[in-house]
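Okay, so we've got the same protein chain twice, two forms, each given alone as structure tokens, structure 1 and structure 2.
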Structure 1
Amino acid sequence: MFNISTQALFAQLLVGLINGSFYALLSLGLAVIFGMLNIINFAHGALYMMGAFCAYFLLNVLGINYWMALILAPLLIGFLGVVLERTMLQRLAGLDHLYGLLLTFGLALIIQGLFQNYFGSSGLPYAIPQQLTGGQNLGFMFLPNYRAWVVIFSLTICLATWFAIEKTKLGAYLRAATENPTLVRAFGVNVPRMITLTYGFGVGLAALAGVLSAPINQVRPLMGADLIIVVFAVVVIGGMGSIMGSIVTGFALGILEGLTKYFYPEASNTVVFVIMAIVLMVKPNGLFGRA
């Protein structure tokens, strides 16, 4: 098992990077919501799933293609997020974040349950868009075009988000509002609206990841359920509230997981927790976390 060929290793690293893009995109949304709004958004996986279903329906019912879905699905699901925030989460402002967790967990159950009732558990197919079928033979591996697109696209989105939040004043408002919303509001910032929109944005990111994954994975009601805990771990390892932390950790975890899949595949679902335990032992606030 240990006669590693560099070629195989390269291939694993690349594949890991691809998976990392999903982790990064999902954990980014979760980090925005958690770090900024102090809501542990357990519905993230369910909303990710809805993003994928949204793409499916846009295509199969309305004939709207993948590229439009990439824009429309996050908007639609993001709007749903805004509604959820306005009608439910908002009432939990100022409470311990356990309550947000319980509420979003309940929402996740409802959403997943409903989808399962109507679409069954084995899911629906969604084809790779015409323009991105096929792939490149890199010598050491065959890289599907679609996967290459996923890496590039999510990296772009991640960096743009990071810029929008860390390099503009928005990030400072959000962080401050987490600590003391009353005061930030008294400074003249419409905190409730900002929180609503941020939640909608985080949810939109989840939906975007869902659309991206639709052509790769079967569009299944439970596709997000197993992911949520891993993605949450990524956010913690990166350091809660750190946007860059979640992006870097997302990609890094993808790669490490890829290597684990090669050397000790049985443990590939556990490796993230091993890393989390080690990181928290050495750096109590995560890799990029503020003390």
Structure 2
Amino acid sequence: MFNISTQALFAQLLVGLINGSFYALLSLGLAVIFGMLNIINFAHGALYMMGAFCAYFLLNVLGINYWMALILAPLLIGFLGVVLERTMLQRLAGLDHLYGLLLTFGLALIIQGLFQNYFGSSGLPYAIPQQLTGGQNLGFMFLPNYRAWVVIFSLTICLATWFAIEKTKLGAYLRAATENPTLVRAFGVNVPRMITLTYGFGVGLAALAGVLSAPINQVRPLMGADLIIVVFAVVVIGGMGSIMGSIVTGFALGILEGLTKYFYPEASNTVVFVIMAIVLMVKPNGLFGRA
């Protein structure tokens, strides 16, 4: 029979898997945007927060349930990303990465400030869908259905994105457009439109993570600010622009963070950054990055 401490260990592992799911989805969106567009998107956390708020408004204003919000919120926030890319980020094409980082950082502060001004800092509740309430007694731990769903769904989306980018013709065009856009245009591909839609897709992944997070972490204006620094560390460790690196590193660091909370709680908030420092000293391009 498992004792209380073992149950606590599995509980922390579950928390780590949940956090890893959000790390993986968010860092995947960052990796897609950086790998395809060479933009360091610091507004990613604010757009993640907007995805959660979008789901909240869809439910409480329009009566649209969680399942439809999983589709509509990424589409709506992704469209906002398209508008941002067309009106602002496109003007920075060919400039140093620092300009894009400063612009998106400013956008993040504006978005978070507006939401905090209207909604305050406290969290707004978002109910778990009825189909996913309750949980399963596994003997050694109680597994909530919704948390199991988040892990499985996030992993499925991550692997589907990796397959689309690495193994399909569309993905080949996307990768080629970053290396030689003139050649891709010769094949009749509208490269600027492809770049815009890619940014919208990366933003949509952040919004999707926000919808998944809403029933667990509540809907708060600063929920993205609390997460984005860790997510950037995940991207750096996995390798900037590496799709598989973001997925593997996101889940792995979430689990490691959960284990640290169990064995040495004092280090749980810094373990990711310690690992980042070590990786940067040993392999500056990241574990899965290319030179």
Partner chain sequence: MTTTPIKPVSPAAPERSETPIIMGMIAVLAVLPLLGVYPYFVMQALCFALFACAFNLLIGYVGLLSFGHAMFLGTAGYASAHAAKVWGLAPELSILFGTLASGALGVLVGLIAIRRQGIYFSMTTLALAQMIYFFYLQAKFTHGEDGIQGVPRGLFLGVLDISKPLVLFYVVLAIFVAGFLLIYRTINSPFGEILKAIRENEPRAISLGYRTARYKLAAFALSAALAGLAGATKVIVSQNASLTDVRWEMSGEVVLMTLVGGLGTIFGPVVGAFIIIAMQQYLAEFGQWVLVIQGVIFVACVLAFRRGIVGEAAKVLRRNL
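Only a predicted model underlies this, so the values are computations on that prediction, with no experimental measurement involved. By convention here, residues take numbers in order along the sequence of structure 1, the first being 1. Definition used throughout: the rigid core is the maximal C-alpha set that superposes within 1.5 Å between two forms.
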So which is the form predicted alone here, 1 or 2? 2
After fitting the rigid core, is the C-alpha of residue 129 off by 2 Å or more between the two structures? no
Displaced residue check between the two structures: residue 273, CA, 2 Å or over, core reference: no
At a 2 Å cut-off on C-alpha positions, does residue 172 qualify as shifted between the two structures after fitting the rigid core? yes
Superpose the two forms on the rigid core and tell me the Cα shift of residue 15 between the two structures in angstrom. 3.0
